[in-house]
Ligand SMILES: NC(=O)c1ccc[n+]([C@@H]2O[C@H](COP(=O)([O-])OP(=O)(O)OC[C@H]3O[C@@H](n4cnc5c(N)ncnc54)[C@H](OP(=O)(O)O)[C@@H]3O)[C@@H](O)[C@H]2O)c1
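The chain that follows stands alone, in the form predicted alone, written as structure tokens.
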């Protein structure tokens, strides 16, 4: 494979994008392919992945689709073993759906266990599988898609807050352990116009008696930029962290939130 020396170009690199069937994952897969990477798109549902692969192939992109369930670690290992026999992995975007909403005090232990398995355990399983090819290439980029709850816990998303915080600690620890040339960082999306946010808005509206439009308006009112983010805007941050340009950025959590966080980053 040839590798470009351009600071943003990803020609010759191989990326694994999880949760690529919709939202931020889908937008990220599109952008990485357009920047030259061979992109493996992974999610539970094969049909939307194959549709995405066809669309990007029409644009000249190199995309391969794989059905995998991050709740099933044996499934993750099987898919990775098959994939890595064919290509190395230089870039991983770990992106997965969050748990259902609700107060932490009401959460069952099984909910916490399931959330940690989906996020932390799947990430660690994937990392251990791909790290040898990153080390061999002298180039690795791991990017987590987490949440602003890493900095400021979000009310009524108790289990999600815990899982995201565990991932942030995992990331910061690994930043001091991974070899030179292999970086690990996270992006922290704010209110982003995705299916996940629409689901949360509907649940919040049903709980409070407000309309979905009222809930969305309340969220937008918290954002100095005055609107929800587009998935493509978070994808741009991810693609930057995946690129040669970000070689000296390591162990950080980058909010993409329109200024909503009040803490000093």
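Residue numbers count along the first chain shown, from 1. Note that the structure is a prediction, hence the values are computed from the model and not measured.
Separately, the form predicted in complex with this ligand exists; it is not shown, and the next lines address it.
With respect to this ligand in the predicted complex, the three residues 20, 45 and 118 uniformly fall within 4.5 angstroms at the level of their nearest heavy atom.
Segments offered: 100-108, 84-92, 141-149, 123-131. Contacting this ligand in the predicted complex at heavy atom distances within 4.5 Å is 141-149. Note on the partner interface in the predicted complex: the residue among 216, 64, 230, 196 having a heavy atom within 4.5 angstroms of this ligand is 196. Among the residues 69, 50, 225, 236, the one placing a heavy atom within 4.5 Å of this ligand in the predicted complex is 69. Contact between residue 189 and this ligand in the predicted complex is found at the 4.5 Å heavy atom cutoff.
This ligand is not drawn, but in the predicted complex it has a heavy atom within 4.5 Å of residue 24. For the chain shown alone, residue 96 is a contact residue for this ligand in the predicted complex, at least one non-hydrogen atom being within 4.5 angstroms.
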